[in-house]
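There is one chain below, alone, in structure tokens, taken in the form predicted on its own.
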């Protein structure tokens, strides 16, 4: 299928906008970052959070979450990797930020967005959005600890905990504390991941902010990418679940930014090949049932926004043995190739 012109191409391509790969606890790990960033389009990525409580963590904890620290804090394809901290105690956060910076983390990102009940119950993630002062103190603790290191602080927020009443105050508090960039997931903790994302609220934050603001949430397609930018006024975006649903989305956005052309939709054969590469590179010590579970988790996200992936998922979902799953995955790819040949 040839590329076609997209009518909403930006008039100014000198600042097309950056694309970040969001952290997703238990989903986007170092291997997933490696696979997604080598497809192209991403300008930076962020690790899963390092949970900070009341201790100075040993280096091995940071290296387990961010093995890229040993390779210049970049993925193999050269995409920078920022390290994320989650916690509420300013002094402890600062101490651990110093450890991460000494290990080579180029940026410390702070998590005020995690909606998980377990995390919130232990005073982490979005729980802090109930108090702008606590957001300020947490960011300030890290910013002060890193003074003189040249390592900047960024923050990932939601629009609030129960509601959006404190959205602007929390964003301002993060900036006042020293955050040099804000990524805003355009929903409250209570809203979770339920649509719609409120990009108009990100616009309100951007209008008052003195630092760059990145819009995040419900950017599943090229059209939604442009709408999120228009509504929020943000040039930069961050992709999370959408990057898993369509691993070529960032590359598709980048191609459109540079050419004004819309690339063809991602084929099932490409998705299948990526899942195969995932298995080939995954830690061989992992039990096969865990690997199958991870494959199904990824495929389940893919199917939510692609009907063909949904059909294949239904035929694969009950398979439990890894060898059987991979054989069936190959069969599904051949089935799709045959169907395309017949239709063409």
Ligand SMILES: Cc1cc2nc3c(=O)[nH]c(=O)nc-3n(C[C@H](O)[C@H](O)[C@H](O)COP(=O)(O)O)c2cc1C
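Numbering follows the first chain given and starts at 1. Since this is a predicted model, take the numbers as computed values, not measurements.
Separately, the form predicted in complex with this ligand exists; it is not shown, and the next lines address it.
The candidate site formed by 22, 25 and 239 is fully in contact with this ligand in the predicted complex, as each residue has a non-hydrogen atom within 4.5 angstroms of it. Here the chain stands by itself, but in the predicted complex one stretch of 185-193, 87-95, 261-269, 116-124, 185-193, has heavy atoms within 4.5 Å of this ligand. Taking the partner from elsewhere, residue 42 is found to have every heavy atom lying beyond 4.5 Å of this ligand in the predicted complex.
In the predicted complex, this ligand lies farther than 4.5 Å from every heavy atom of residue 68. Contact annotation for residue 216: at least one heavy atom lies within 4.5 Å of this ligand in the predicted complex.
When contacts are judged by a 4.5 Å heavy atom cut-off, residue 79 does not count as touching this ligand in the predicted complex. Although this ligand is not shown here, in the predicted complex the stretch 94-118 places heavy atoms of just one residue, 111, within 4.5 Å of it.
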